[in-house]
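A single chain, nothing else alongside it, follows as structure tokens in the form predicted alone.
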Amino acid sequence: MVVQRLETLGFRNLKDGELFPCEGVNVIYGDNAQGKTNLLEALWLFTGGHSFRGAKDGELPRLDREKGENAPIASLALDFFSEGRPQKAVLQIENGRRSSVINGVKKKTGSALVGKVRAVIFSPEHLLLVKEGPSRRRGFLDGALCQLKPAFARALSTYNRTLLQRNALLKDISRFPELQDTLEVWDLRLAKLGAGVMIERRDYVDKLAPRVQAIYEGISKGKETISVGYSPSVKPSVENFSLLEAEEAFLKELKRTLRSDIRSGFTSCGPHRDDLELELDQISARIYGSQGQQRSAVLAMKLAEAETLAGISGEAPIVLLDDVMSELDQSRQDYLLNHLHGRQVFITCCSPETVSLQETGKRFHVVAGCVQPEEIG
């Protein structure tokens, strides 16, 4: 898909107006706190999700500094080409609630846009994918899969509910031992659901990993290699396990850990304990990677996510890269500015020296919420 026009009215600190991006790399630059990230946030909201910055909907309309409160209404409009035809989406944020219009059809919620506009976002918070524990990396996998397969989102939700119910039963068994006889029903259900989650995650990582490797090689100019591997907490006897083999292995592990699970009141094995292993030159990226290497690793994962989404869905998502250039050397910056072909990219940065590396595409300078296009060269 390609964004052709973005219009903002009363949104954040942005002056009311229009942005006409190119189909390639669009650089949005300026000093801090001028409104660069607000533009990416406006684009991201058309995916139907909430702000990637964690903001509530009521905080999105422009702030009236004299009154110290947000205006009641803001609206966004997006013209884009997708599914072989031009389309238009409108988002209105009024009194803390979002409504939308897609191709002239009114919807009561902003989430009704899910699946219409697809995007992949990198923000500084995503560095925690490498720096923190497995839950962040599971969230990365599941977020990508939920965009691709709504059925996976439902299956994961059902698994998590079943897990909560089993955990509640484990806590009750410590007081009422006779309840242990009912545990088998929950184990069978949890194993069946969990096996499906494991298969989807493994198959997705199999598609993702070679793309991450190729992109990271481009970013690092071949200076380092990266490997990405799915690490389930329940390990079937074969690497290319089937659904039945995953289910049987999960059931076996649930039985093995039963006593310790009853003591702790928590299910200690299953997809909720899975991880995504990241290694740079065969050592842990989390423990040994530099800031620049970790940033490059997350960038490669995000760009590979976009490629994988395009490969499966048949349409490339837009790529939003917020504050991506800091702590990257000039050769890595050059790759992002000039070698991301075949996709529409929006990059924010502050440094004029970085901006000067851009050879093609479009450039926009943001000052106090005013967005001005500039010539390149």
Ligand SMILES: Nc1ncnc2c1ncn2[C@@H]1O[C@H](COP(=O)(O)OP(=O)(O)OP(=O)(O)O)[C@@H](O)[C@H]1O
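Residue positions are given as counts along the sequence shown, with the first one as 1. Because the structure is a prediction, the values reported are computed rather than measured. Just so we're on the same page, rigid core means the largest C-alpha set that superposes within 1.5 Å between forms.
This next part talks about the form predicted in complex with this ligand, which is not shown.
Asker: Given that this ligand is not shown alongside this chain, does residue 65 nevertheless sit within 4.5 Å of it in the predicted complex, heavy atom to heavy atom?
Answerer: Residue 65 belongs to the contact set for this ligand.
Asker: Just to confirm, residue 351 within 4.5 Å of this ligand in the predicted complex by heavy atoms?
Answerer: Because no heavy atom of residue 351 falls inside 4.5 Å of this ligand in the predicted complex, the answer is no.
Asker: Heavy atom to heavy atom, is residue 60 within 4.5 Å of this ligand in the predicted complex?
Answerer: Yes - in the predicted complex, heavy atoms of residue 60 and this ligand come within 4.5 Å of each other.
Asker: Could you confirm whether residue 47 comes within 4.5 Å of this ligand in the predicted complex, counting heavy atoms only?
Answerer: Contact check for residue 47: no, nothing within 4.5 Å of this ligand in the predicted complex.
Asker: Okay, which stretch from 310-318, 339-347, 51-59, 325-333 lines this ligand in the predicted complex, with non-hydrogen atoms inside 4.5 Å?
Answerer: One stretch meets the cut-off, namely 51-59.
Asker: Quick check: do 12, 33 and 37 each get a heavy atom within 4.5 Å of this ligand in the predicted complex?
Answerer: Answer is yes for this spot.
Asker: Taking the rigid core as reference, does the Cα of residue 128 move 2 Å or more between this form and the one not shown?
Answerer: Moves: no, less than 2 Å.
Asker: Using the core for the fit, does the CA position of residue 139 change by 2 Å or more between this form and the one not shown?
Answerer: No.
Asker: Taking the rigid core as the reference frame, tell me whether residue 323 has a CA displacement of 2 angstroms or more between this form and the one not shown.
Answerer: No: residue 323 shifts by under 2 Å between this form and the one not shown.
Asker: How does the C-alpha distance between residue 57 and residue 136 change in the predicted complex compared with the present structure, closer or farther, given a change of 3 angstroms or more?
Answerer: Compared with the shown chain, residue 57-residue 136 is closer in the predicted complex.
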